[in-house]
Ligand code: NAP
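The chain that follows stands alone, in the form predicted alone, written as structure tokens.
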């Protein structure tokens, strides 16, 4: 895949970039090691100053980088602005909280004595250069949610971004440079997927994080496992959105539309499978379908647009295959189901609602990465839980119920990294983010995220027998 900016709204190639060769990769790795030697000993107030400066610069650049993201991957401009603002918030959060999150931990006096020590503590030290293999769908946020905690922990970053968002990738390197980070602390490597293995196997790379597809995750996990290197993986998702009879149906319907089509439906944590109790199914289906059908599809640069194009022609083709397979096997398209009329250029797809889904359809088990929702009727709580878990993924989930007993049951039994009640799944710097099953392992964000790439060190001082 060439490294290029291709506008998904019209399919036109705007800029191409040369891939970094072996000599360039070597320079970057050498610079990362040199930077880590210096940067790892900087104190947390200095790291916070640098991160805060980067946040200020990003805030100033919000409009320009939003337009770059929209141009490169097609998200509505309003969503791109919001993504940039979210990154600013996360950077400032880590700048303000890292010192507490990374503070030494001290066992009790009884535990210290029992270990035979005079003093003991747990100390968090950085690992080194962390390779980040990142996707195109949130080209700024996915990187910042890795970079902010990793840099605050004293690590340095090597970014291998998706090949269709090179300008966003280069912007990120420039952002941290302008903020005053030492040369080599954060570098963008414009390389293709074939270069990842060699970089990851290099002994100067300490760990890796990947957000992306299941095949990409398997590959990185296998390589890192062979090299015995730490990894964090955030892969696909097919999140359930469960609606029970006690739900506020107005809010549940409105939120369902946003949860399905945010980022043009190209989000791992987007609600994709709508599991509705039979008592409210018909009303929910009617109102949800009407709202999905009323969305405006078009130019992502226009503030009136709700849904822009998919990021790539292949992505649209993959989505079409899933929908066509479902309809061929008996599903009903309550709205959408094809390419919108009048938008012949670009990679647009209609907001779609499919009903009558059965396990024999590919879309029942595969992730639909676009504005396509599947509807399921559940006879009761047990069936709702069973349907929610009938997926190889386990990233997050949404449940609408005001019944406390039902909330306890769903929180206990849904197999996912998050259970969001009466609201939409979202990521926040204070809350851990990640999944189970084929959605990956490890956590980003919060204190859990910043410690993923730390050497959690036991510091033990023996008692002096002569004291």
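Positions refer to the first chain, counted from 1. All figures in this text were calculated on a predicted structure; none of them were measured in a lab.
Omitted here: the form predicted in complex with this ligand. The next part is about that form.
This ligand is not drawn, but in the predicted complex it has a heavy atom within 4.5 Å of residue 369. Taking the partner from elsewhere, residue 137 is found to have a heavy atom lying within 4.5 Å of this ligand in the predicted complex. For the chain shown alone, residue 236 is a contact residue for this ligand in the predicted complex, at least one non-hydrogen atom being within 4.5 angstroms. Among residues of the shown chain, residue 327 is not one whose heavy atoms approach this ligand to within 4.5 Å in the predicted complex. For the options 167, 193, 258, 296, the one in contact with this ligand in the predicted complex, meaning a heavy atom within 4.5 Å, is 193. 212 is the sole member of 212, 337, 126, 346 with a non-hydrogen atom within 4.5 Å of this ligand in the predicted complex.
Residue heavy atoms within 4.5 Å of this ligand in the predicted complex occur in exactly one stretch of 117 to 125, 373 to 381, 278 to 286, 213 to 221, and that stretch is 213 to 221.
Residues from 1 to 26 that approach this ligand in the predicted complex with a non-hydrogen atom within 4.5 Å are limited to 1.
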